[in-house]
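Coming up are structure 1 and structure 2: the same protein chain in two forms, each one given alone as structure tokens.
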Structure 1
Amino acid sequence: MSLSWIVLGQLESNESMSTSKKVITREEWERKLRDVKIKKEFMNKLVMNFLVTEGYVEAAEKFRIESGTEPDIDLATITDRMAVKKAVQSGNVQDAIEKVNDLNPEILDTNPQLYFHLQQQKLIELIRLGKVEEALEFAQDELAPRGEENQSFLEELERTVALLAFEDVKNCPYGELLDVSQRLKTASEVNAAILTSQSHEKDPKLPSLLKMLIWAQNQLDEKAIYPRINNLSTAMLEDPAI
């Protein structure tokens, strides 16, 4: 039996394994990519939506000038929103609450969970500063009544108050509440609530679109072998793995 026979046999078996999937060559795929019609202004809008939702107000203003893209929200409201976010991030929770109420009192009125989390954050900040008496008073007067209304609030309140039982709070089991990440979490919750109150989506569109790409490629994998983009940050087209 000659060698070429063996090679041929292998080829055949490879082929039968992949017959269920359509093979799309790189050339064919690139032609399809070129045929997609995309208007530049829509990509600009996507970028503007990102800058605005993430709160990059100066960048959004510059982008409006440089690209002529109109933002989908009044840029002045971003400044207010970012001021609230910044206040929470730097621990000035009372300041943040007042700013939210200046923006729109309905936000906290209609969102008891958010209001509770802000109060909880305020308590955390008091504990961080070692103001034990003030913290206890605040917890009893402001937070305990809310805990009675809602089981999950109560549990969170208990966890927070427990911080007071430890001298070395940083290393206690609830120490993570004192972490920056807790501030960021609360800040992003307020941020989302303000955006929703301005009938704007709370998340930018771009991350969803990127997730959609990952999902769409996985879906297509079941039916075809085609040039994928594995590294989204370079958008490099891989050769189809046949």
Structure 2
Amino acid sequence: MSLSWIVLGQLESNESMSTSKKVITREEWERKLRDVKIKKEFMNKLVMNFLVTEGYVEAAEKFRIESGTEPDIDLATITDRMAVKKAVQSGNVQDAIEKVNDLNPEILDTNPQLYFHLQQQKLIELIRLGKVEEALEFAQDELAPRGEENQSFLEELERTVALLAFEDVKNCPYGELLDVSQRLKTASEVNAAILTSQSHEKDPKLPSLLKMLIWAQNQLDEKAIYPRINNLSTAMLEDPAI
């Protein structure tokens, strides 16, 4: 539990006693920080979780050796997962599909939405290369049948095929589909599905904890004046202007 949560609870219990904000000095705040005991083992697991989830296999291996923290999955599988992610990010969707099937055929068999998005990404890459006839044929043979079964798939297919109606596709209403961000979105979806199949969280825990910190500080701002962390990259306490 973070210090902000602890103080917030204390202030809520005293809220009826005073309507003015409580002023917490840096000395008092740092003393409270020292009183919060967090095991190093927990911190190490948090770091390992981030490295594994984000795919930093070399860093994870070095951290395993240095800290003695064992990952909850085989680090060798990270390399395979990152190969899939890289293939999608570079536009080699068919290669990514084959790699996913080599890892675990059930991933795509049991996730029709993911498979559709990979096929949609493949269509986008054909359009990017200007292969109009091949793109139309692929859309008709591979994606249209899935669109008939799922309304949301059909809407996504229509948006994608609409790119063919514009000469300047990058500046058309659906041009964002050709952005690198679309590749990254699909790659992240595949990455999450692989992690789930390995019984691992699809998102690292650290960003969620930082979001909780921001929320807790925002709540505490309404009740107290205290040294807060404004820059998450440095985590330095900054004295409030009183």
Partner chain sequence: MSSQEAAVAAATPGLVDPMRLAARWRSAAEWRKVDEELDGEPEPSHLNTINSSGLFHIVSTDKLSVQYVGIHKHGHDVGTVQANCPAPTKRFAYYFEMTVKDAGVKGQVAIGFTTEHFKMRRQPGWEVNSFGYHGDDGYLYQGQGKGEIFGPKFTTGDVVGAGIIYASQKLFFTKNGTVVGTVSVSKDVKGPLYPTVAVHSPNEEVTVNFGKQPFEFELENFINEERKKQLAVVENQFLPPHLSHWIVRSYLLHYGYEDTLASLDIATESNPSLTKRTTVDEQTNMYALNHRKVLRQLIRNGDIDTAFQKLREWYPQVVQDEMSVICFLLHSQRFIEYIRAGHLEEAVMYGRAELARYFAVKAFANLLEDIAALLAYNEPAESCVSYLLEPPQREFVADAVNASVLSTNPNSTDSESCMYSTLEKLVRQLTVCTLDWRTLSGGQGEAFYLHRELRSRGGVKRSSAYSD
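Definition used throughout: the rigid core is the maximal C-alpha set that superposes within 1.5 Å between two forms. Worth saying up front: this structure is predicted, and the values here are computed from it rather than measured. For numbering, take structure 1's sequence and count from 1.
Is the form predicted together with the partner chain shown as structure 1 or as structure 2?
The chain shown first - structure 1 - is the form that fits the description.
Taking the rigid core as the frame, does E28 move its C-alpha by 2 Å or more between structures 1 and 2?
E28: C-alpha displaced by 2 Å or more between structures 1 and 2.
Taking the rigid core as reference, does Q198 move its C-alpha 2 Å or further between structures 1 and 2?
Comparing the forms between structures 1 and 2, which are aligned on their rigid core, Q198 does not shift its C-alpha by 2 Å or more.
Using a superposition on the rigid core, decide whether the Cα position of Q217 changes by 2 angstroms or more between structures 1 and 2.
Yes.
Give the rigid core superposed Cα shift of Y226 between structures 1 and 2, in Å, rounded to one decimal.
With the cores aligned, its C-alpha sits 5.5 Å away.
How much does the C-alpha of I38 move between structures 1 and 2, in Å, when the core is lined up?
Spelling it out: core superposed, C-alpha of I38 shifted, distance 2.4 Å.
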